[in-house]
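Shown next as structure tokens: one chain only, the form predicted alone.
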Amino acid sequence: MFFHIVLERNMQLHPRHFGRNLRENLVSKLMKDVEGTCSGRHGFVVAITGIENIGKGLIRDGTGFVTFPVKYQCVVFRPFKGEILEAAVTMVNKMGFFAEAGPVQIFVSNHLIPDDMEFQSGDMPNYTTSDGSVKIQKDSEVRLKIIGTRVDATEIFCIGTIKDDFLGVINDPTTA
């Protein structure tokens, strides 16, 4: 799920960046440091949408660096248990398959794949139905349901299932 939230961060800036472009330098450093990162509490920072406030700088003793408190608005992505996502399959093995939905990696165990699908090994490993009509392989797009999440300080891991109504393959790369 995507959220638009306000976050704060203390930014350190080298004295060579002071001058007329101080604000622009601070904003570009903030975007470079924050966009694409993950905090376990808020999720993945997708984009900074605006700067609310830049506080007064505090000079660091001995270094010359200045620390600015910056309050900014951003869009974050945080998956939740029970959420339905569309994801691209990145790897298939006999234990299940891995898929990615944006920055989140999701594992779907073979126990959470419908019983009529069998693992087929070979040069392109896949899960195929007995009649061969549906195939899950690398680069397939699947709709899945998140049944569990584990949050670390800098990463979010998910477990998913396709063993439910309206879940499964939505785009097979071999038929495209």
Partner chain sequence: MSFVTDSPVHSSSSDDFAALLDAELEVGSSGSSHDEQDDEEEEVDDDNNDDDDDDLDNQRNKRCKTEKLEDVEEPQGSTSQGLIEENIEVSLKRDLCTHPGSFGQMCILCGQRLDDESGVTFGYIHKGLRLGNDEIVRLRSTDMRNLLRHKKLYLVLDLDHTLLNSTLLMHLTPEEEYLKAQSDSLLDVSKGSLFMLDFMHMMTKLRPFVHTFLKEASEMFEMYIYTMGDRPYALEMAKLVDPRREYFSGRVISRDDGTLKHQKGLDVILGQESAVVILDDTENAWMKHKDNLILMERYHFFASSCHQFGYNCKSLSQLKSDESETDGALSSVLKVLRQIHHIFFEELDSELSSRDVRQVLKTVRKEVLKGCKIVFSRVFPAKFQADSHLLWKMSEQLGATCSTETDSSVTHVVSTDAGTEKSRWAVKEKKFLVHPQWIEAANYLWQKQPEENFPVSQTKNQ
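Everything numeric in this text was worked out from a predicted model, so none of it was measured. Residue numbers count along the first chain shown, from 1.
What follows is about the form predicted together with the partner chain, which we do not show.
- Contact with the partner chain in the predicted bound form, defined as a heavy atom within 4.5 Å, is made by none of 22, 37 and 102.
- Although the partner is absent from this view, residue 98 contacts the partner chain in the predicted bound form, with a non-hydrogen atom inside 4.5 angstroms.
- Although the partner is absent here, residue 107 lies within 4.5 Å of the partner chain in the predicted bound form, judged by heavy atoms.
- In the predicted bound form, at least one heavy atom of residue 49 sits within 4.5 Å of the partner chain.
- Although the partner is absent from this view, residue 137 stays clear of the partner chain in the predicted bound form, with no non-hydrogen atom inside 4.5 angstroms.
- Residues of 47 to 85 lying near the partner chain in the predicted bound form, listed in sequence order, are 49, 50, 51, 52, 71, 73, 78, 80, 81, the criterion being any heavy atom within 4.5 Å.
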